[in-house]
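Only one chain is included here, represented as structure tokens and corresponding to the form predicted alone.
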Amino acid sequence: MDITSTDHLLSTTRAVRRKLDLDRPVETEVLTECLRLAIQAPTPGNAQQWRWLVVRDQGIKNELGKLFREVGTEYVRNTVTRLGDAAKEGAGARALASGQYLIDVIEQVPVFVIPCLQGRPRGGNEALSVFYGGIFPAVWNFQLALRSRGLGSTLTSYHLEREAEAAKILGIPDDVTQVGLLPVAYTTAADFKPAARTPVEEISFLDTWGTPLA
């Protein structure tokens, strides 16, 4: 295994919003390849409760995008109010601008992928960790597969605030849980860089909480 290539893929698969190519079509064959890789992810008890809804129809994207925009716009507005001056500069301003851009163009993204789980979440932390643990590794596999083929995405959740309305638009049964929305497109950038992160030595512990790892 080429560790250099693997490490580059893992460290440069970013949440892509402003660098999604809104004009280039995404082939069904590529999406199918990426979904095949997605479902190779670990799943609790090998349950494989995941389901994937690929949305291309412009009318459906328009309806879903309307929900996305209404919730997302309110979220950004509330975040700007909460952050105050911090929302106007630095990383905070860049993140908000990136999020607002996607909100503004969401219907223009070529494909939406809606990852779902059969069943509804119930129970405490243990049960919920098993329920959602059955889909998020697969979502990440999907995003890595997209990245390796020159496509980008970001896992969004705005429309989940109005999940029932989205389910009606998409024809999703009541006993199926949506866990996000991935806008999928080719990227306008040839490559991406690793993100700035807190050093792992500052956030990792050995044996007991607070004991430095190294």
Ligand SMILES: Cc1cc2nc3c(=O)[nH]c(=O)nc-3n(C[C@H](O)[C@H](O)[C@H](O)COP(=O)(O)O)c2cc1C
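Numbers for residues come from their place in the sequence shown, where the first is 1. Bear in mind that the values here come from a model prediction, so they are computed numbers and not experimental data.
The form predicted together with the ligand exists for this protein as well; it is not shown, and the discussion that follows is about that form.
- Mapping the unseen interface onto this chain, Val54 falls outside it, with no heavy atom inside 4.5 Å of the ligand in the predicted bound form.
- With a 4.5 Å cutoff on heavy atoms, Ile60 does not count as touching the ligand in the predicted bound form; it lies far away.
- Though the partner is left out of this view, Ala195 does reach within 4.5 Å of the ligand in the predicted bound form, counting heavy atoms only.
- Taking the partner from the other structure, the ligand in the predicted bound form has no heavy atom within 4.5 Å of any heavy atom of Trp50.
- Contact check at 4.5 Å (heavy atoms) against the ligand in the predicted bound form: all three of Ala15, Thr154 and Tyr158 pass.
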